[in-house]
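Single chain ahead, written as structure tokens, the form predicted on its own.
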């Protein structure tokens, strides 16, 4: 999920039944082992000439662990009952920080972090594994002709099932972004939205998962038009550059320069006309804190600047890049769907009884985790727009309108969450898909 502008100062049906494997099993057992495991002697009669009869032991069936269904429905804790979840991609620090990989002191710091309930990596890795499994299924199933509501339900229902939660303890990390074409971020369908994905669309799919407030934020872009391949390639390469160059003590302004250089090295030919790929200058990646998707106050812009702020050991960052064939700048446009309670929400008297009631629902179900109108519907709220707008006006809740480049422009996004561990960098959200 992208940082807002101020930071810069669906269960869907597949096209055909053949696309879905019909065999998923919750528990599979290995084939019987037909090799003899030994023989047991049975003596009949007595004396030296006693007749011996051999009896075979019955082969034993060996049980194996659970396997994920399709669509994904089995909770991740059931697939990893020992509580040990896969690490993300590991990258060693460069230059002046290369020593960290073999430092005994830093290895000790890392072991302590694993045991500390406040900094343990287990929660973020659990969320990351949920993210990987849900998005891999989504990438396979999303097709033109589906509504954005169907796509959002597919992703969010899978997330809730696998993370085994739908609230403060664990759940969706923020509303699923499904921004189309010139809209770069912060669009998710509200109730009644009938938008249908078209063959010529570019869709940014931004998915969030959280476990105990540890938010995993990762995004990718889908297109069915080969004309846009270079746009997607440029933005993905820029994200990879940001991940590679990020690290402890790296200055954010310099990191932005590396991202900009990579993205601007690409151009796109559409309809016989060549367009340079521009980084969207007023969007950024961001640091992440517990229960705060834009926590920590650090932004990774996409254009080189003089920000001397450094990345620090133990921090989480969303390395997130956006590219455009348009002007490379977004403005707020369209109906709001994304909201979040302010982490520093003021204690103000609310004159509307409905606003007080709605705030209780928000505190109970989301806290400071971002939400959307569909989530309020799911929580049983109705006719809440007046109350919601009052909370926004009082500064208790922030709204995040869709962010759009010029009409006719095409935009793309790629993103991963990284953890700056004491010994090395872990790209927690990375998987085989991208």
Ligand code: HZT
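Positions refer to the first chain, counted from 1. On a predicted model such as this, the values are computed, not experimentally measured, just so you know.
Not pictured, yet referred to below: the form predicted in complex with the named molecule.
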**Message:** Check residue 135 for me: does it contact the named molecule in the predicted complex (non-hydrogen atoms, 4.5 angstroms)?
**Reply:** no
**OP:** Give a yes or no for residue 299: in the predicted complex, does one of its heavy atoms lie within 4.5 Å of a heavy atom belonging to the named molecule?
**Re:** yes
| request: Find out whether any non-hydrogen atom of residue 400 is located within 4.5 angstroms of the named molecule in the predicted complex, and reply yes or no. | output: yes
- Is residue 174 one of the residues lying within 4.5 Å of the named molecule in the predicted complex, judged by heavy atom distances? yes
Per contact check vs the named molecule in the predicted complex (non-hydrogen atom within 4.5 angstroms), the hit among 77 to 85, 346 to 354, 291 to 299, 230 to 238 is 291 to 299
Interface check vs the named molecule in the predicted complex: of 338, 125, 131, 100, the one with a heavy atom inside 4.5 Å is 338
Of the residues spanning 351 to 387, the ones with some heavy atom within 4.5 Å of the named molecule in the predicted complex are 370
